[in-house]
Ligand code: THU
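So this first bit is one chain, no partners, the form predicted alone, shown in structure tokens.
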Amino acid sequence: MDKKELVRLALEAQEHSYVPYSHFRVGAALLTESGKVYQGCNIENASYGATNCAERTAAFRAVFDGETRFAALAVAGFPKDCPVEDRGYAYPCGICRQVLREFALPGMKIYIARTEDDFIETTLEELLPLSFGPEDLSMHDKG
């Protein structure tokens, strides 16, 4: 899938956000190894801690469908009706980075978008260096 299309799907996913408290809408589009795309949005909760990020919503939808190998993710976040010139780049939080790490293919691409044509391209490894993953749990078995 074209990265610009993945970014477009992340921007589209923002429309489904439930953000009555922060009014900060985030959308994500997750590309799996099989080529399927899963969209997610942030879903706030009055207790704040129960809020779920767009990236995890997309990841959990993919895993529910049996997709556990992630190739790329696009994410876009900014307040509703925010003018383009005032938009920043909304990077995945630490918890989302760790959840993505669980299922990431090596070199997983991450696109942080303001618009379809204005986005930063990075990798999960760059956002979460020296990370802990499933393979680290098996190191005790090698002893």
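Everything numeric in this text was worked out from a predicted model, so none of it was measured. Just count from 1 along the sequence shown to find any residue number.
Keep in mind that the form predicted in complex with tetrahydrodeoxyuridine (THU) is not shown, yet the notes after this line are about it.
Visitor: Have a look at 58, 26, 113, 31 for me and say which one sits with a heavy atom within 4.5 Å of tetrahydrodeoxyuridine (THU) in the predicted complex.
Guide: Result of the distance check: 26.
Visitor: Which of 58 to 66, 114 to 122, 40 to 48, 79 to 87 has heavy atoms within 4.5 Å of tetrahydrodeoxyuridine (THU) in the predicted complex?
Guide: That would be stretch 40 to 48.
Visitor: Using a 4.5 Å heavy atom cut-off, state whether residue 104 contacts tetrahydrodeoxyuridine (THU) in the predicted complex.
Guide: Judged by the heavy-atom cut-off of 4.5 Å, residue 104 is well away from tetrahydrodeoxyuridine (THU) in the predicted complex.
Visitor: Would you classify residue 108 as touching tetrahydrodeoxyuridine (THU) in the predicted complex, given a 4.5 Å non-hydrogen atom cut-off?
Guide: Residue 108: no, not in contact with tetrahydrodeoxyuridine (THU) in the predicted complex.
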